[in-house]
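Shown here is one chain on its own, the form predicted alone, set out as structure tokens.
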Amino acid sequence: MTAVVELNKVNQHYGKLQVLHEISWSLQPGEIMGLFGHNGAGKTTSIRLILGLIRPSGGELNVLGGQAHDARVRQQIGFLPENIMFYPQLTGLETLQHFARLKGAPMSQVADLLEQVGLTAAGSQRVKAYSKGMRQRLGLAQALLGDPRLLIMDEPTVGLDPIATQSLYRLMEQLRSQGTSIIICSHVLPGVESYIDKAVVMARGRLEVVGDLYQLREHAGLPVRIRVRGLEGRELALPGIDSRNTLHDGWEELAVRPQSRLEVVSRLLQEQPQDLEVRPPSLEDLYCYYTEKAGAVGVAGVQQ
């Protein structure tokens, strides 16, 4: 299977400053990938490379089977930037029609996309009257013009209410089922955790880890949090427990080494607790672990 995006030992310099160091990862058809990192980690530079806005200083980059700067390749990419700017005097409908002409997309898509993002009723209003959330939805509609094979979204949920956010995630799943590959950059990690197939974590311009959540958890070896209710005061001679803390309303939390989690759960169930929850390390836990491991806590670089 040919990768939609493939970076092989990519380096990037801005003058004497090196902002990417030997970056290698790939994105497959119909895959949703989260690209994560602190400010200055190299995410924006990576996106610019994939969009063909800059060329790598070294290494190999292939996008949709060709060169990122090729106009035929760029035509197959949809991009939703973090900060969306539109002509304020145009209406939402006119804005989409304008971008459809630029991209060579059929005009028949415009009305359908306005409906898809919930802006049909506001299509005749000027963009200057749009709220931030409405501009975000209009930006998503323009990114979907031309049925892109690759969709890149930078902080797509900014300004969206919870209902619109869930609609966005459902749309992502629909696009994935149709074979569209998606790269999403976000700092709202709990929101995207359930929808990504793969995570790439960058720090200080280097690749820290790439893989699905199971692989990241196995690699990190962080403790599993087991919350149990109704066993307060009982002695628990269980293997692999690093800590036991009292919470509230009869709940306790055990920090358990990953290799012991199944045995601990089995033994706890024999104690007949009132309730039990198993919480593996979240995407946010993993991000913090890999960022701290790279010594990038508190880093705020100029270049991204």
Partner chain sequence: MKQIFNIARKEFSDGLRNRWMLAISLLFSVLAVGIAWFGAAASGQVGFTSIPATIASLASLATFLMPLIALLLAYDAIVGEEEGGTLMLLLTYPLSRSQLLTGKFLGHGMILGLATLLGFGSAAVAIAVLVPDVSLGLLASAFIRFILSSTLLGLVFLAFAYVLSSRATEKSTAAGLALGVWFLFVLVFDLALLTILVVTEGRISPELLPWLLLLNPTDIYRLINLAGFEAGAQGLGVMSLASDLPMGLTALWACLLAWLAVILAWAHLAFAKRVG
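A quick note: this is a predicted structure, and the numbers were derived from the prediction, not measured. Positions refer to the first chain, counted from 1.
Omitted here: the form predicted together with its partner chain. The next part is about that form.
Chemist: Quick one: of Arg101, His219, Lys128, Arg234, which gets a non-hydrogen atom within 4.5 angstroms of its partner chain in the predicted complex?
Modeler: Partner contact (heavy atom, 4.5 Å) among the options: Arg101.
Chemist: Exactly one residue in Arg244, Arg267, Arg261, Arg48 has a non-hydrogen atom within 4.5 Å of its partner chain in the predicted complex; which is it?
Modeler: Only one option qualifies, and that one is Arg48.
Chemist: If we define contact as a non-hydrogen atom of the residue within 4.5 angstroms of the partner, is Leu145 a contact of its partner chain in the predicted complex?
Modeler: Contact check for Leu145: yes, within 4.5 Å of its partner chain in the predicted complex.
Chemist: Does any heavy atom of Phe79 come within 4.5 Å of a heavy atom of its partner chain in the predicted complex?
Modeler: Phe79: contacts its partner chain in the predicted complex.
Chemist: Can Met85 be called a contact residue for its partner chain in the predicted complex at 4.5 Å between heavy atoms?
Modeler: Yes, Met85 lies within 4.5 Å of its partner chain in the predicted complex.
Chemist: Quick one: does Lys198 come within 4.5 Å of its partner chain in the predicted complex, counting heavy atoms only?
Modeler: Contact with its partner chain, no.
Chemist: Of the listed stretches (117-125, 158-166, 70-78, 210-218), which one has a non-hydrogen atom within 4.5 Å of its partner chain in the predicted complex?
Modeler: Stretch with heavy atoms near the partner: 70-78.
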